[in-house]
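What follows is a single chain, given as structure tokens, in the form predicted on its own.
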Amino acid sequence: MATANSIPLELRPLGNTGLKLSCVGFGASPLGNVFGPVSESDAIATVRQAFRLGINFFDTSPYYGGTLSEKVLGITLKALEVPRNEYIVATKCGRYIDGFDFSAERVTRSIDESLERLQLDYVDILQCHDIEFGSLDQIVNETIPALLKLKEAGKIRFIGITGLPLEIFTYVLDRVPPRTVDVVLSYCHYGVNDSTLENLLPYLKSKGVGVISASPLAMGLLTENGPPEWHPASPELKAACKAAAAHCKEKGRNISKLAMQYSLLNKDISTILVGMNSIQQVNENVAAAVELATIGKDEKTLSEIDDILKPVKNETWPSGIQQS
């Protein structure tokens, strides 16, 4: 598969799984109408365009849109009418519209519900969703052993964990048997404003764990429109990102595209997961990756953005419950 101008989207290995993920991953939370309504026909057209342009990784959760994201993604993947092994699907467990439940009983029931909504016999990756809101010891001693049973049953192929604080990953990985957790999904820690995930990459590599990085736009901070009202970043960080976006616009550049390209630069990260709900968004994200691969990065503008963001670089925020 190739992009519109016949440059293939790069595929990257995911840890020791043997999976090769497109460097741009399709975040399906917007298909759950979490950023406004998306019609079924638009959703099908968007996923079809993503697949046509070389995106093979699709990520969802029962939490997104209160199960709607999974249902719509299931419909769109079925509409592709391609063999199941041509796309990679990840969903999550433990976080639901009515709260968190990482018990063995709930996550075991959860995968059956997800498979029914997705219209699939198995998912490639099942991830414990935002584990910082549960007991990490329960994740280690109860949740992951339950997921291992699902793996043996053939309902899932690989096991992942997700969350905002980076220290949760080392806590769990240091306490489970080697090769138990296959993947981590980190968000908002590998972008132009915060690259702290970089410090963890050698450790994750030593554990054979694949890395997915989500939200390269820092949940809307790195956009011309700015973040939503609820964004938990400090006023200083919001102001610096707003100044960086204005600087880019002045130079005829788009901060979102530059932020996406920055996140794509690190080849130790298998895929950059970004939410999409329109053909235009798909085209823009793939074009950013192709441009990076063919022309290279805009060193000068990235350096100027870096100077603007320097006072707030790597400033994170408390883990909230709005997005991930």
Ligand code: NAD
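This one's a predicted model, so the numbers in the text were calculated from it and none came from an experiment. We number the residues from 1 along the sequence you see.
One more form of this protein should be noted, the form predicted together with the named molecule, which is absent from this view; the next part is about it.
Novice: Go ahead and superimpose the pocket C-alphas, place the named molecule as found in the model of the complex, and count ligand atoms within 2.4 angstroms of backbone or C-beta atoms: 3 or more is blocked, zero is open.
Specialist: Placed partner shows the pocket blocked.
Novice: Can you work out which of L150, A233, A214, V107 has a heavy atom no more than 4.5 Å from the named molecule in the model of the complex?
Specialist: Only one listed residue qualifies here, and that residue is A214.
Novice: Exactly one residue in S29, S270, T46, Q261 has a non-hydrogen atom within 4.5 Å of the named molecule in the model of the complex; which is it?
Specialist: In short, S29.
Novice: Is it the case that P165, N193 and W317 all touch the named molecule in the model of the complex, with a non-hydrogen atom of each within 4.5 angstroms?
Specialist: No: none of P165, N193 and W317 comes within 4.5 Å of the named molecule in the model of the complex.
Novice: Taking the shortest heavy atom distance, is Q281 within 4.5 Å of the named molecule in the model of the complex?
Specialist: Result yes; Q281 sits at the interface with the named molecule in the model of the complex.
Novice: Under a 4.5 Å heavy atom criterion, is L185 part of the interface with the named molecule in the model of the complex?
Specialist: It does: once the named molecule is placed as it appears in the model of the complex, L185 has a heavy atom within 4.5 Å of it.
Novice: Is G275 close enough to the named molecule in the model of the complex to count, meaning some heavy atom within 4.5 Å?
Specialist: Result yes; G275 sits at the interface with the named molecule in the model of the complex.
Novice: Residue-level contact is defined here as any heavy atom of the residue lying within 4.5 Å of the named molecule in the model of the complex; does I111 satisfy this criterion?
Specialist: No - in the model of the complex, heavy atoms of I111 and the named molecule never come within 4.5 Å of each other.
Novice: Look at the stretches 137 to 145, 124 to 132, 111 to 119, 151 to 159 and give the one with heavy atoms within 4.5 Å of the named molecule in the model of the complex.
Specialist: In short, 124 to 132.
Novice: Between 138 to 154 and the named molecule in the model of the complex, list the residues on our side with a heavy atom within 4.5 Å.
Specialist: Nothing in this stretch is in contact.
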